[in-house]
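First comes one chain, alone, set out as C-alpha cells in the form predicted on its own.
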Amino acid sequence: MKFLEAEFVQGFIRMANDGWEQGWHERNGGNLSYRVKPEEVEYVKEELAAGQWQPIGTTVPGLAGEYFLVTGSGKFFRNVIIKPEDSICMIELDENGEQYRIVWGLINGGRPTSELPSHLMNHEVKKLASGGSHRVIYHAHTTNLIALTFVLPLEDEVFTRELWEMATECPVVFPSGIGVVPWMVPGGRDIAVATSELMKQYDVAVWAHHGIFVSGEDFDVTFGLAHTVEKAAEILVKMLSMQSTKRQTITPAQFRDLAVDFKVILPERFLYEK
C-alpha cells in the first residue's frame, strides 16, 4: 500500500488542513508531529529510504529508534493536503536519541520543523507521563489565545481559571489546567526545556505572543483540545470587548460540583476566590 494511503498519514494530513482552515497557520506558521506506532512503520517500510544522519539539537534517549511524521521547516500548512510529499516527512531517530534522518518526504529538499527539539523533548515527556498513549504534538498560532497574552497576567492559574469560566466543557476537556511560557525565541533549546517542564503536568501550554502547544493521544483528541482552548479564548475576547467585568460566571463551588458529576480532578489552586 502506498505511503500516502496509510491511515495515520491521512489523519496527519487532515489535521494539518483542519488547522489551516481555522486560520491558525498563516504562511509557514505552526508545526505538527506524530510518534508513529511500530505496526504503522512496518506497514510502510517498503517505501522508506534512509537519508543522512543530522543532529537533533537536543538528546531524547526515551525516543531512541522511534519514527515520527512531522511538518517541514518553512513549509506551508495550506500545501500539506495538496503536495504532502513536499511538505512533510517521516524521520527516524538513532539509537541514542541524538540524531535523526529523513526516511520519507521533503522530496524537494529541506528539513523537519525548526521546532523539532521542542516537539521531541515534549514527546519524550508525554510518552513517560501518559504511559505511552500520547502520540501527537501540535503547535498553532491561535489568534484569540495570542491576543489574551497581551492583557492577562502570564500565570498558569489566571489563564486556566479565565478559560475554564468561558464554557462548561473546558474544565472537563483540560482538567489539569494550562501552563504559560513567557516570550522566548522559538526553535531553540531554551523554549523546548521550559515547555517540557510545563508539559509534565499539563497537556496545554501557551507560548506568550506566539500561540498554543498541545499534546494528545491521537489527532482528534489533540485537535479538539486546541480547538476548545481557542474557542474559550474567543469567548473571553468577545466578553472583554463588551464589558471588562463579568456580571455572572461559574463559581468555585459549581466547578467542584462539575468535577464530581464528570469524574475529573480539578486542582484546588485554580479554584481561588476572586
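Numbering starts at 1 and runs along the sequence shown. All of these numbers come straight from a predicted model, not from anything done at the bench.
Below, we turn to the form predicted together with a small molecule, even though it does not appear here.
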So which stretch, 125-133, 154-162, 107-115, 79-87, is the one near the small molecule in the predicted complex (non-hydrogen atoms, 4.5 Å)?
-> 107-115
Site test, 57, 97 and 189 vs the small molecule in the predicted complex, non-hydrogen atom cutoff 4.5 Å | no
Residue 210 within 4.5 Å of the small molecule in the predicted complex, heavy atoms = yes
Taking the shortest heavy atom distance, is residue 29 within 4.5 Å of the small molecule in the predicted complex?
-> yes
Can residue 73 be called a contact residue for the small molecule in the predicted complex at 4.5 Å between heavy atoms?
-> yes
